[in-house]
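Presented below, as structure tokens, is a lone chain in the form predicted alone.
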């Protein structure tokens, strides 16, 4: 999916809309997710992270809009005057639970032995949505663990392909180390032209990709179960500081 383009320059106009029956205001050009978060209305996400381009790939932020039969991704849908949005219905909860279950069944998410257990966004959302079992057959794929980097590890078994690492490396660090190879269920994150991470000629070792990862797919070496606490970098601040330095 094409990333959401930057906000148009004419964002001074204030628009009025309704979210869950509550009247709210937001600036023209903002998305439903931005308007909701500005008004302390929770919408679950995994691929979205403030400061990175939005791509709407995880589909957990789907909402209902009055007058439309289909669901809409809140992170890439612009608000409109008079729009009526619903973020919490049984239909949406079932939809989101199915997504979480599919993510768990697709790879090998064994929380009891994961370094990110207790500090994992996928695990947190499963708890929030009441996912206590998996309705789909688990695939149990045989996937590699790349520990060739001197500081970090990439575990494909716990990757949910949110591409936060790809985007933060390209858009914030500017290294363009990460990308996605293959298609569909065979998709995997890769460094450079599918080289071991430790052999990458572009990786700066900054660790931004590790700390924006929502699961235990990227982590620091030497940590045991439940010890990987992600320190989210302030991406909007980094971008603003870099823009100031370049003037």
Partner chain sequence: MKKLRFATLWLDGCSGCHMSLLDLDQRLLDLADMVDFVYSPLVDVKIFPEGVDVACVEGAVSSAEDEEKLRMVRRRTGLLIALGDCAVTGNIPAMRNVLGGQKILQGVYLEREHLNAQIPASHLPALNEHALPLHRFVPVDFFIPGCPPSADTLFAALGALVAGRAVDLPALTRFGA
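Numbering follows the first chain given and starts at 1. Bear in mind the structure is a predicted one, so any value in this text is a computation, not a measurement.
There is another form of this protein, the form predicted together with its partner chain, and it is not shown here; the text below is about that form.
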Quiz item: Does the trio 117, 131 and 134 actually contact its partner chain in the model of the complex, every residue with a heavy atom within 4.5 Å?
Solution: yes
Exercise. Mark residue 141 yes when one of its heavy atoms lies within 4.5 Å of a heavy atom of its partner chain in the model of the complex, and no otherwise.
Key: yes
Quiz item: Is residue 126 a contact residue for its partner chain in the model of the complex, using a 4.5 Å heavy atom cut-off?
Solution: yes
Quiz item: Quick one: is residue 111 in contact with its partner chain in the model of the complex, heavy atoms, 4.5 Å cut-off?
Solution: yes
Quiz prompt | in the model of the complex, residues of 84-107 near its partner chain [heavy atom within 4.5 Å] | solution = 104
